[in-house]
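Shown next as structure tokens: one chain only, the form predicted on its own.
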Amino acid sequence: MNDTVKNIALFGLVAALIAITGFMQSWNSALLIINLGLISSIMAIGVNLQWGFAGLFNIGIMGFVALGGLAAVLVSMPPTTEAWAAGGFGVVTGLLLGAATVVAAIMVMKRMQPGRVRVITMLVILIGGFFVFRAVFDPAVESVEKVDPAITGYLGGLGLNILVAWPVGGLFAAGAAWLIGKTALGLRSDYLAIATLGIAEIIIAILKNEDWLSRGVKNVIGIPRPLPYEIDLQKDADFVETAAGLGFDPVMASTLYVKIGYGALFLAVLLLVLLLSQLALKSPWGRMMRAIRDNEVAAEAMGKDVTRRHLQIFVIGSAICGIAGAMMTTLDGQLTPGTYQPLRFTFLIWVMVIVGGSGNNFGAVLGGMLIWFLWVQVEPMGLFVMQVITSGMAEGSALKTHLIESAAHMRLLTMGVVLLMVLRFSPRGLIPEK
């Protein structure tokens, strides 16, 4: 079997698994798997650019995804006029003062001669700027968060179309990646991993605790959608008539219509990202990145600026994760900072890249779809298997109860088994890099 036939067969297998889900469970479940699988595939491509192209070990994916989710709120939610009147401009002034303090300290460090005078000057600027910043920022935040905290208590957004938030999410993630990369990409790979993980945790902590920005753990709900609500479709006489003509119940038809619409949008973004990634892979830039990945010393000897190129691809890969994060928040219709867990947004994406094939963009897409399908379906399948195994046991048996309750852990067990099997029998992934 040649590579092309094998790859088509692998994608066909994933499609067949999703189709079986549709026939045996529901097409709603199948379409939800497809939509989240498409978003996961986009994240996997972003990580594959960093690791597969350049060998950068980024375990802060969760933070970049969360920034994409924040962009969906700041761009699409309507502004809270009462909060802006109460302290919005004070918050903005405080943030500008904080930024000015940092810029002033950097300017002093660059322009003054090293010595005691420079150190003292920087300390005066940083300490004084910090107290001025807090004096302006804290009262303004307190005023904003007092404005109807059960419903709002935050500044809101710009009220723009939600689709605008997707590229903005990429810009947010790219900006954070640039700041991280400027400080950490000159370090060894293990230090880069620690730095990205630390920054991701800081981003999540900010989202959870800064209510004026994202409502914290109270969550932001009702984020505008690019598609109509199901209830509105069910009230549309033309839609109901068309659904009845096709033999569909209006409720089911509206749900499928919305999910298919999301799938079309996500597929368009995935195809665009995949096309650009493939063009980059086959370009001189892509060959240079792989040369740097394989031997940094030799690449530097040939005159390549390794740190600069690492920064480029780190920013690009993180931006793709930010776009995917904005897409996921759009699909959910809410921002829930408490759900941004490393298990889902870092470990799972890395499993997708490794299983699919590091360095191969099509492998990243395959891994994204396959691993997400398993992540969703393994738990109910495990529960079914446990019920079959324990069917002959007496009701109330401690062993039976324990085995059935253990079905919830089948997800983690399956991920580990799949990863070990692939590393044992296909260490370069299901679709390895050529």
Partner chain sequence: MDFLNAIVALSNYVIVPGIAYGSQLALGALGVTLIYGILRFSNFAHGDTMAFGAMVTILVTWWMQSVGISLGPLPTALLALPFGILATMALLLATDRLVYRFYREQKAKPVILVIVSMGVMFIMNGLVRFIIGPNDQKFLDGERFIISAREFKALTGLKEGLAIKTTQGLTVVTAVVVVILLFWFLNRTRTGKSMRAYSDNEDLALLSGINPERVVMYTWLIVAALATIAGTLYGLDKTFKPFTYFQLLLPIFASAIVGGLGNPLGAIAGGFVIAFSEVTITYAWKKVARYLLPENLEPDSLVQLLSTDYKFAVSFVILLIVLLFKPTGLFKGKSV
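Positions refer to the first chain, counted from 1. This one's a predicted model, so the numbers in the text were calculated from it and none came from an experiment. By rigid core we mean the largest C-alpha set that fits within 1.5 Å across both forms.
Heads up, the form predicted together with the partner chain isn't pictured, but that's what we're talking about next.
Relative to the partner chain in the predicted complex, residues D190, L343 and L420 are all within 4.5 Å by at least one heavy atom. The contact residue chosen from F248, F362, W285, W350 relative to the partner chain in the predicted complex is W350, the criterion being a non-hydrogen atom within 4.5 angstroms.
Put simply, of V136, L331, I194, L311 only one has a heavy atom within 4.5 Å of the partner chain in the predicted complex, and it is I194.
Proximity of L13 to the partner chain in the predicted complex: non-hydrogen atoms within 4.5 Å are absent; the residue sits far from the partner. The partner chain is not drawn, but in the predicted complex it has a heavy atom within 4.5 Å of F131. Interface residue remark: V315 is not counted as part of the site for the partner chain in the predicted complex, having no heavy atom within 4.5 Å.
The partner chain is not shown here, but in the predicted complex it comes within 4.5 Å of a heavy atom of T183. Judged by heavy atoms within 4.5 Å of the partner chain in the predicted complex, the contact stretch among the candidates 362-370, 65-73, 51-59, 26-34 is 51-59. Contacts to the partner chain in the predicted complex (heavy atom within 4.5 Å) from stretch 359-386: M386 only. Once both forms are fitted on their rigid core, the CA atom of Q377 lies less than 2 Å apart between this form and the one not shown. The Cα position of T390 differs by 2 Å or more between this form and the one not shown after fitting on the rigid core.
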